[in-house]
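Okay, so we've got the same protein chain twice, two forms, each given alone as structure tokens, structure 1 and structure 2.
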Structure 1
């Protein structure tokens, strides 16, 4: 028998994490469980799990923030999003950020185990109900929730935009994504110019309006 899959559980509810451990601990190797975005990013970097079981709704940016923080620095680690929500925008956002699957928390023990194994093997896994509009969003010419304004921004600009809109100073943003303050300034300037905004307050309002936070 081959080695067990190493799984990290990220969810802000300790009770839920305990549930996953109790249910799956025999079949996979739960290498850790954490409850916040910051803990998650460092835990993933340290533990290098095979699969991250990732709650979508977390304080301070949610699962998306974790995936963005990691970028593609750890290609061997696959993420499986796990959420109570079946809203299209949640699904799209987290898949765009790099998750390899998305299942809702109504899932059973066997289904979840199967999902983890398939994600680890490289498959994309979706709850049946979600498969429909996920395919819509990616295969069709007209995606469901793409924002023409947002698409005109580069990846880096969107990344900076999210952090600025959350109230971080330039210096804090720079530290968080390892850039110089000057580079952050440049990106913010581009964002403001492209979106026709005049300062960071309007940017916060703009982002709140679009629920990018």
Structure 2
């Protein structure tokens, strides 16, 4: 018999977390439940769940902040957004940040269980309406691997580039990806040199032109 999928529930409403645990606890292994961005980031790093059920709207940054803080550090952990919102901007933001799927809280027990299993297996999971948002948002976006300029940058440099281009300060970037401010400054200098740019304003324009934000 295969091992049960290990799931972490992230939502700022304790009653909702309790409800998910009661609904799914017999079929998946609920390894924990937390209600804040900081708790979620720590719990994911410590517990390394297979799937994170991730609320989109949390105090102090929400699901996007959690995904950005983790970056590519835990590739085996997949995130499935579970939200009351079906707004296009919420769906697109969390998928851009790295979630593998997005479903709303109107989902049934069987549908949610199926979504967890599919995300764990590597599929991208959306309801038909939400899938349309994602397809529309990404249809005209060129794969980053086709950009020779971007390919000159390391994965960490690309991560720093995106955050700086979104307007974060060096200190904020350092806190989000667990680096020193000096290391972030070094990465930014390297990015500017490789792309032959002079300052962060040019960097932001460069990233915007390539739809990296």
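Numbering follows the first chain given and starts at 1. Predicted model, so just to flag it, every value in this text is computed and none were measured. Rigid core (definition): largest C-alpha set, two forms, superposition within 1.5 Å.
Only structure 1 comes from the form predicted together with another copy of the chain. After superposing the rigid core, the Cα of residue 205 is displaced by 2 Å or more between structure 1 and structure 2.
Once the cores line up, the CA of residue 161 ends up 2 angstroms or more apart between structure 1 and structure 2.
Annotation for residue 21: C-alpha shift under 2 angstroms between structure 1 and structure 2, rigid core superposed. Core fit done between structure 1 and structure 2; CA of residue 185 shifted by 6.9 Å. Once the two forms are overlaid on the core, residue 194 shows a Cα shift of 17.0 Å between structure 1 and structure 2. Once the core is aligned between structure 1 and structure 2, the alpha carbon position of residue 174 differs by 3.5 Å; this is the C-alpha shift at that site.
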